[in-house]
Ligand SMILES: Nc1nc2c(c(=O)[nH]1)N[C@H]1C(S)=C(S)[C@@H](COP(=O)(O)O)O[C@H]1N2
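We begin with a single chain expressed as C-alpha coordinates, specifically the form predicted alone.
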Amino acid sequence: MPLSEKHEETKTYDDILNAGPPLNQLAREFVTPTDLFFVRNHAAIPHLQLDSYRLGVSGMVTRELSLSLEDIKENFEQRRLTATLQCAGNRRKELVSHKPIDDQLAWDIEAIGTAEWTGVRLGEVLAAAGISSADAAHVAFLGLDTLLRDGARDAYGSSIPLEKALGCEVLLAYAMNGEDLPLAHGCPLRVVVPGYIGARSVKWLSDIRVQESPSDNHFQQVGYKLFPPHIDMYNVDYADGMQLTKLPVNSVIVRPQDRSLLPAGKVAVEGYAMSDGEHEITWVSVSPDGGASWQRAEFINAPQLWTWQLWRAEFELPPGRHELVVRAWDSAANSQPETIASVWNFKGYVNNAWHRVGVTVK
(Lines give C-alpha, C1' and ligand atoms only; values in the text may rest on other atoms or scores of the structure.)
Protein backbone atom coordinates (compact mmCIF):
# COMPACT_ATOMS: atom_id res chain seq x y z
CA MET A 1 0.00 0.00 0.00
CA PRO A 2 1.64 3.31 -1.01
CA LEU A 3 2.01 6.15 1.42
CA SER A 4 -0.18 9.17 0.96
CA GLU A 5 1.25 12.11 -0.94
CA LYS A 6 0.65 14.09 2.24
CA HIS A 7 3.77 12.56 3.78
CA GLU A 8 6.90 14.59 3.36
CA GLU A 9 9.61 13.30 1.06
CA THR A 10 10.48 9.84 2.31
CA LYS A 11 13.57 9.58 4.48
CA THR A 12 15.70 6.67 3.32
CA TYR A 13 17.94 4.62 5.57
CA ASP A 14 19.47 1.53 3.97
CA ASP A 15 16.54 1.69 1.47
CA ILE A 16 14.01 1.16 4.27
CA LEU A 17 10.78 3.15 4.32
CA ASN A 18 10.65 5.93 6.92
CA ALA A 19 8.43 8.98 6.54
CA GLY A 20 6.66 11.70 8.47
CA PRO A 21 4.12 14.44 7.83
CA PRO A 22 5.05 17.88 6.54
CA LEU A 23 5.70 20.03 9.59
CA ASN A 24 2.93 22.46 8.60
CA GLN A 25 0.44 19.57 8.92
CA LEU A 26 1.73 18.19 12.21
CA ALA A 27 -0.59 18.23 15.24
CA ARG A 28 -3.33 20.27 13.59
CA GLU A 29 -5.84 17.71 14.88
CA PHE A 30 -5.90 15.75 18.11
CA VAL A 31 -6.19 12.46 16.22
CA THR A 32 -3.64 12.23 13.44
CA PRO A 33 -5.09 11.23 10.05
CA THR A 34 -3.64 7.88 9.06
CA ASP A 35 -2.03 9.30 5.93
CA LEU A 36 -0.13 11.81 8.12
CA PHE A 37 0.98 9.33 10.78
CA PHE A 38 4.76 8.86 10.80
CA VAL A 39 6.25 5.58 9.56
CA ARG A 40 9.36 4.06 11.17
CA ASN A 41 10.67 0.76 9.81
CA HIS A 42 13.90 -1.14 10.44
CA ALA A 43 13.60 -3.53 7.50
CA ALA A 44 11.64 -3.92 4.31
CA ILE A 45 7.87 -4.27 4.70
CA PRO A 46 7.21 -8.03 4.70
CA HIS A 47 5.15 -9.87 2.11
CA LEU A 48 2.47 -12.04 3.69
CA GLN A 49 -0.77 -13.88 2.99
CA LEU A 50 -3.59 -12.97 5.36
CA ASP A 51 -5.30 -16.34 4.99
CA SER A 52 -2.21 -18.14 6.29
CA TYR A 53 -1.32 -15.64 9.03
CA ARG A 54 -0.90 -17.03 12.54
CA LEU A 55 0.10 -15.44 15.82
CA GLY A 56 2.03 -17.78 18.11
CA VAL A 57 1.97 -17.47 21.91
CA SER A 58 4.55 -19.56 23.77
CA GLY A 59 7.14 -19.62 26.54
CA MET A 60 6.11 -19.68 30.20
CA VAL A 61 2.47 -20.44 29.42
CA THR A 62 0.23 -23.37 30.30
CA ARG A 63 -1.18 -23.61 26.78
CA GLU A 64 0.59 -22.54 23.61
CA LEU A 65 -1.64 -20.74 21.12
CA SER A 66 -1.66 -20.41 17.35
CA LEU A 67 -4.24 -17.80 16.39
CA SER A 68 -5.48 -16.56 13.05
CA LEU A 69 -6.64 -12.97 12.76
CA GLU A 70 -10.24 -14.23 12.77
CA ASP A 71 -9.55 -16.24 15.94
CA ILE A 72 -8.38 -13.06 17.62
CA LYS A 73 -11.38 -11.05 16.47
CA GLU A 74 -13.94 -13.74 17.36
CA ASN A 75 -12.59 -14.97 20.70
CA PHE A 76 -11.52 -11.76 22.42
CA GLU A 77 -13.47 -8.61 23.20
CA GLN A 78 -12.86 -5.72 20.85
CA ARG A 79 -11.25 -2.73 22.56
CA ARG A 80 -10.60 0.83 21.40
CA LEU A 81 -7.98 3.18 22.76
CA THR A 82 -6.75 6.57 21.60
CA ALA A 83 -3.00 6.66 22.17
CA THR A 84 0.06 8.55 20.99
CA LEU A 85 3.11 6.74 19.64
CA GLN A 86 6.47 8.48 19.45
CA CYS A 87 9.77 7.31 18.01
CA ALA A 88 12.67 7.28 20.47
CA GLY A 89 14.59 9.31 17.89
CA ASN A 90 12.08 12.16 17.67
CA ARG A 91 13.94 15.51 17.83
CA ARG A 92 17.28 13.85 16.99
CA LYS A 93 18.03 16.67 14.54
CA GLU A 94 18.72 19.04 17.43
CA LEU A 95 21.14 16.58 19.01
CA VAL A 96 22.94 16.18 15.67
CA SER A 97 23.34 19.96 15.42
CA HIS A 98 25.02 19.97 18.85
CA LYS A 99 27.38 17.08 18.10
CA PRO A 100 27.44 14.62 15.18
CA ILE A 101 25.53 11.34 15.47
CA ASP A 102 26.42 8.65 12.98
CA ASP A 103 24.14 6.20 11.20
CA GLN A 104 20.81 7.39 12.63
CA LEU A 105 17.76 9.07 11.12
CA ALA A 106 17.86 12.81 11.81
CA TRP A 107 14.18 13.19 12.69
CA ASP A 108 12.95 16.69 13.36
CA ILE A 109 9.76 16.91 15.48
CA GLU A 110 7.51 14.82 13.23
CA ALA A 111 8.13 11.27 14.49
CA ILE A 112 4.98 11.26 16.62
CA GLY A 113 1.26 10.72 16.04
CA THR A 114 -2.00 9.95 17.80
CA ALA A 115 -4.51 7.39 16.55
CA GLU A 116 -7.57 5.49 17.67
CA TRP A 117 -6.43 1.88 17.83
CA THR A 118 -8.85 -1.05 17.69
CA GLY A 119 -7.90 -4.54 18.77
CA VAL A 120 -7.79 -6.80 21.80
CA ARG A 121 -5.98 -6.48 25.09
CA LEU A 122 -2.65 -8.28 25.17
CA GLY A 123 -3.40 -9.20 28.78
CA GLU A 124 -6.53 -11.09 27.76
CA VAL A 125 -4.59 -13.13 25.18
CA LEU A 126 -1.96 -13.91 27.81
CA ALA A 127 -4.73 -14.94 30.22
CA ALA A 128 -6.06 -17.37 27.60
CA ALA A 129 -2.60 -18.92 27.33
CA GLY A 130 -2.06 -18.86 31.11
CA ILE A 131 1.14 -17.73 32.83
CA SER A 132 2.79 -20.93 34.01
CA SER A 133 5.64 -19.69 36.21
CA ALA A 134 6.17 -17.18 38.98
CA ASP A 135 9.50 -16.40 37.31
CA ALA A 136 7.77 -14.94 34.24
CA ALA A 137 8.72 -11.25 34.09
CA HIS A 138 8.85 -10.18 30.44
CA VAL A 139 6.85 -10.54 27.24
CA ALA A 140 8.88 -10.67 24.03
CA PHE A 141 7.60 -9.92 20.53
CA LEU A 142 8.83 -10.83 17.07
CA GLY A 143 7.73 -9.26 13.81
CA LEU A 144 7.63 -10.68 10.31
CA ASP A 145 10.07 -8.01 9.09
CA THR A 146 13.62 -9.37 8.82
CA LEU A 147 17.04 -7.98 8.00
CA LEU A 148 20.50 -9.34 7.37
CA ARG A 149 22.93 -9.21 10.26
CA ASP A 150 26.25 -11.06 10.33
CA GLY A 151 25.25 -13.12 7.33
CA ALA A 152 21.95 -14.35 8.78
CA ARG A 153 18.39 -13.03 8.66
CA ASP A 154 16.98 -11.82 11.97
CA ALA A 155 13.43 -10.75 12.73
CA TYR A 156 12.82 -7.43 14.39
CA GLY A 157 12.04 -8.01 18.07
CA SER A 158 11.54 -6.33 21.40
CA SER A 159 10.05 -6.92 24.84
CA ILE A 160 8.24 -5.19 27.67
CA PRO A 161 7.89 -6.10 31.34
CA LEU A 162 5.04 -8.50 32.10
CA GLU A 163 3.48 -5.94 34.44
CA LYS A 164 3.17 -3.49 31.55
CA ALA A 165 1.95 -6.20 29.17
CA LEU A 166 -0.95 -6.94 31.52
CA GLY A 167 -2.01 -3.29 31.60
CA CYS A 168 -5.41 -2.59 30.09
CA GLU A 169 -3.87 -0.01 27.74
CA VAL A 170 -1.62 -2.45 25.82
CA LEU A 171 -3.37 -3.71 22.69
CA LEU A 172 -2.87 -6.09 19.83
CA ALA A 173 -4.28 -3.77 17.18
CA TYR A 174 -5.80 -4.72 13.84
CA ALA A 175 -7.38 -1.36 13.00
CA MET A 176 -6.29 2.27 13.03
CA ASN A 177 -8.64 5.25 12.97
CA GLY A 178 -11.61 3.01 12.21
CA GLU A 179 -10.09 1.18 9.23
CA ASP A 180 -8.04 -1.98 8.78
CA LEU A 181 -4.45 -1.50 9.83
CA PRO A 182 -2.46 -0.29 6.80
CA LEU A 183 0.46 -2.41 5.66
CA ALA A 184 2.98 0.32 6.46
CA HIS A 185 1.69 0.40 10.05
CA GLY A 186 1.87 -3.34 10.69
CA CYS A 187 -1.03 -5.15 8.98
CA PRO A 188 -2.45 -7.55 9.96
CA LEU A 189 -1.53 -7.09 13.66
CA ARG A 190 0.75 -4.91 15.72
CA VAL A 191 1.41 -4.29 19.37
CA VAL A 192 0.47 -0.85 20.72
CA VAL A 193 2.34 -0.04 23.93
CA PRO A 194 1.19 3.45 25.03
CA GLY A 195 3.69 5.50 27.03
CA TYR A 196 6.72 3.51 25.81
CA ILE A 197 9.05 4.36 22.94
CA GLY A 198 7.57 3.39 19.59
CA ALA A 199 10.16 0.66 19.06
CA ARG A 200 8.35 -1.53 21.61
CA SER A 201 5.12 -1.44 19.53
CA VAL A 202 6.23 -4.22 17.20
CA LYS A 203 4.56 -4.33 13.79
CA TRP A 204 3.61 -7.35 11.63
CA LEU A 205 3.46 -9.33 14.86
CA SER A 206 4.17 -13.05 14.49
CA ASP A 207 5.20 -14.33 17.93
CA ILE A 208 4.63 -13.52 21.59
CA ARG A 209 6.77 -15.26 24.18
CA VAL A 210 6.47 -15.05 27.97
CA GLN A 211 9.89 -15.38 29.56
CA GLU A 212 12.04 -14.64 32.58
CA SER A 213 14.38 -12.07 30.98
CA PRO A 214 14.10 -9.27 28.42
CA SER A 215 14.32 -10.17 24.76
CA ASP A 216 17.78 -11.09 23.50
CA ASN A 217 16.92 -9.48 20.15
CA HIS A 218 19.46 -7.00 18.78
CA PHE A 219 16.97 -4.13 18.99
CA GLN A 220 16.40 -4.77 22.69
CA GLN A 221 19.99 -5.46 23.71
CA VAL A 222 21.84 -3.05 21.41
CA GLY A 223 19.60 -0.97 19.16
CA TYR A 224 17.49 0.89 21.71
CA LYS A 225 19.67 1.56 24.70
CA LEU A 226 20.45 4.89 26.33
CA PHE A 227 23.88 6.07 27.46
CA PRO A 228 25.15 9.25 29.17
CA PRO A 229 26.80 12.01 27.09
CA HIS A 230 30.40 10.88 27.74
CA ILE A 231 29.81 7.49 26.10
CA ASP A 232 30.30 7.19 22.33
CA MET A 233 30.42 4.45 19.71
CA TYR A 234 34.11 3.86 20.42
CA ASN A 235 33.98 3.26 24.18
CA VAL A 236 30.47 1.84 24.51
CA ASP A 237 29.72 -1.35 26.42
CA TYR A 238 26.17 -2.26 25.44
CA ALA A 239 25.74 -4.39 28.53
CA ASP A 240 25.87 -1.17 30.57
CA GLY A 241 23.16 0.61 28.58
CA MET A 242 19.70 1.43 29.88
CA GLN A 243 16.91 -0.32 27.98
CA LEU A 244 14.50 2.35 26.85
CA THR A 245 10.91 2.00 28.01
CA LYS A 246 8.88 4.99 29.22
CA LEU A 247 8.95 8.28 27.38
CA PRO A 248 10.17 11.34 29.31
CA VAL A 249 8.08 14.50 29.59
CA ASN A 250 8.51 16.60 26.47
CA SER A 251 7.05 19.62 24.67
CA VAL A 252 7.58 21.02 21.19
CA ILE A 253 6.74 24.17 19.26
CA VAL A 254 5.12 23.17 15.96
CA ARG A 255 4.00 26.61 14.77
CA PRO A 256 5.68 28.93 13.87
CA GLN A 257 8.53 26.90 12.43
CA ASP A 258 12.18 27.66 13.02
CA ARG A 259 13.52 30.57 10.91
CA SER A 260 10.04 31.85 10.11
CA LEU A 261 9.55 35.43 8.97
CA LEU A 262 6.49 36.89 10.71
CA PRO A 263 4.57 40.16 10.56
CA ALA A 264 4.74 42.37 13.65
CA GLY A 265 1.87 42.10 16.11
CA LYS A 266 0.09 39.17 17.68
CA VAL A 267 1.78 35.80 17.09
CA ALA A 268 0.14 32.47 17.88
CA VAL A 269 2.48 29.75 19.13
CA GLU A 270 1.19 26.16 19.02
CA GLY A 271 2.60 22.76 19.80
CA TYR A 272 2.28 19.43 21.56
CA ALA A 273 3.41 18.04 24.89
CA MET A 274 3.73 14.41 25.96
CA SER A 275 4.75 12.39 28.98
CA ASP A 276 4.83 8.67 29.77
CA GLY A 277 1.07 8.38 29.33
CA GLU A 278 0.50 7.46 32.96
CA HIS A 279 0.80 11.11 33.96
CA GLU A 280 -1.08 14.01 32.44
CA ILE A 281 0.61 17.16 31.20
CA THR A 282 -0.39 19.73 33.80
CA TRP A 283 1.51 22.85 32.74
CA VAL A 284 3.14 24.19 29.58
CA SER A 285 5.13 27.44 29.73
CA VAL A 286 6.20 29.38 26.63
CA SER A 287 8.81 32.12 26.48
CA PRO A 288 9.02 34.76 23.72
CA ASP A 289 12.52 35.88 24.71
CA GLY A 290 14.77 32.88 25.10
CA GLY A 291 13.62 32.05 28.62
CA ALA A 292 13.84 35.49 30.25
CA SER A 293 10.07 35.56 30.80
CA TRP A 294 7.35 32.91 30.60
CA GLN A 295 3.64 32.65 29.91
CA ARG A 296 1.36 29.70 30.61
CA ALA A 297 -0.11 28.13 27.48
CA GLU A 298 -3.74 27.14 27.18
CA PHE A 299 -4.69 23.55 26.44
CA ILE A 300 -6.57 22.92 23.21
CA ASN A 301 -7.87 19.52 24.34
CA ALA A 302 -8.77 18.16 27.77
CA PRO A 303 -5.88 16.23 29.38
CA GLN A 304 -6.11 12.53 28.59
CA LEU A 305 -3.95 9.58 29.60
CA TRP A 306 -1.82 7.91 26.92
CA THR A 307 -2.08 10.85 24.52
CA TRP A 308 -0.34 14.06 23.65
CA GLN A 309 -1.57 17.43 24.89
CA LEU A 310 -2.03 20.14 22.26
CA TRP A 311 -1.46 23.71 23.48
CA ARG A 312 -1.49 27.34 22.32
CA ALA A 313 -0.11 30.70 23.47
CA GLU A 314 -0.18 34.24 22.03
CA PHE A 315 2.38 37.03 22.18
CA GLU A 316 2.73 40.59 20.89
CA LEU A 317 6.14 40.52 19.25
CA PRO A 318 7.89 43.71 18.11
CA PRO A 319 10.16 43.78 15.05
CA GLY A 320 13.44 41.93 15.49
CA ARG A 321 14.73 38.44 16.18
CA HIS A 322 13.04 36.35 18.87
CA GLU A 323 13.75 32.95 20.39
CA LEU A 324 10.60 31.09 21.35
CA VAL A 325 11.06 28.41 24.01
CA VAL A 326 8.71 25.83 25.54
CA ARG A 327 8.90 23.59 28.60
CA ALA A 328 6.30 21.34 30.26
CA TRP A 329 5.51 19.61 33.54
CA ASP A 330 3.45 16.48 34.16
CA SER A 331 1.31 15.41 37.12
CA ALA A 332 4.30 13.70 38.76
CA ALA A 333 6.18 17.05 38.72
CA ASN A 334 8.57 15.83 36.02
CA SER A 335 9.92 18.59 33.80
CA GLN A 336 12.45 19.09 31.03
CA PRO A 337 16.19 19.79 31.17
CA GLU A 338 17.25 23.15 29.79
CA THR A 339 20.12 22.28 27.48
CA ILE A 340 20.72 19.95 24.55
CA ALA A 341 24.21 19.20 25.89
CA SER A 342 22.74 17.62 29.04
CA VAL A 343 20.69 15.07 27.07
CA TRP A 344 23.01 14.40 24.12
CA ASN A 345 23.73 10.70 23.56
CA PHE A 346 25.50 9.00 20.67
CA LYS A 347 22.31 7.22 19.58
CA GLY A 348 20.27 10.40 19.62
CA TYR A 349 17.41 9.09 21.73
CA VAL A 350 14.68 10.73 23.84
CA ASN A 351 15.69 14.36 23.39
CA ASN A 352 13.47 16.28 25.80
CA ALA A 353 15.46 19.46 26.32
CA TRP A 354 13.63 22.78 26.11
CA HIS A 355 12.51 23.21 22.51
CA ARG A 356 13.67 26.44 20.88
CA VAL A 357 12.50 28.13 17.69
CA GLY A 358 14.05 31.27 16.19
CA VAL A 359 11.81 33.71 14.34
CA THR A 360 12.24 37.13 12.78
CA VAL A 361 9.48 39.73 13.01
CA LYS A 362 9.32 42.47 10.35
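Computed from a prediction, not measured in an experiment: that's the story for all the values here. Heads up: residue numbers just count along the shown sequence, starting at 1.
Heads up, the form predicted in complex with the ligand isn't pictured, but that's what we're talking about next.
- Three-residue candidate spot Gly143, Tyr156 and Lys203; every residue lies within 4.5 angstroms of the ligand in the predicted complex by at least one non-hydrogen atom.
- Contact annotation: the ligand lies within 4.5 Å of heavy atoms from the stretch 185-193 in the predicted complex, the single such stretch among 74-82, 185-193, 231-239, 270-278.
- Taking the partner from the other structure, the ligand in the predicted complex has no heavy atom within 4.5 Å of any heavy atom of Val252.
- Though the partner is left out of this view, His42 does reach within 4.5 Å of the ligand in the predicted complex, counting heavy atoms only.
- Among heavy atoms of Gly119, none comes within 4.5 Å of the ligand in the predicted complex.
- In the predicted complex, none of the heavy atoms of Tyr174 sits within 4.5 Å of a heavy atom of the ligand.
- Checked against the ligand in the predicted complex, the candidates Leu126, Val284, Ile160, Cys87 yield a single residue with a heavy atom inside 4.5 Å, and that residue is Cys87.
- The contact residue chosen from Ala199, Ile101, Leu247, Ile109 relative to the ligand in the predicted complex is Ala199, the criterion being a non-hydrogen atom within 4.5 angstroms.
- Using a 4.5 Å cut-off on any heavy atom, none of the residues of 266-297 reaches the ligand in the predicted complex.
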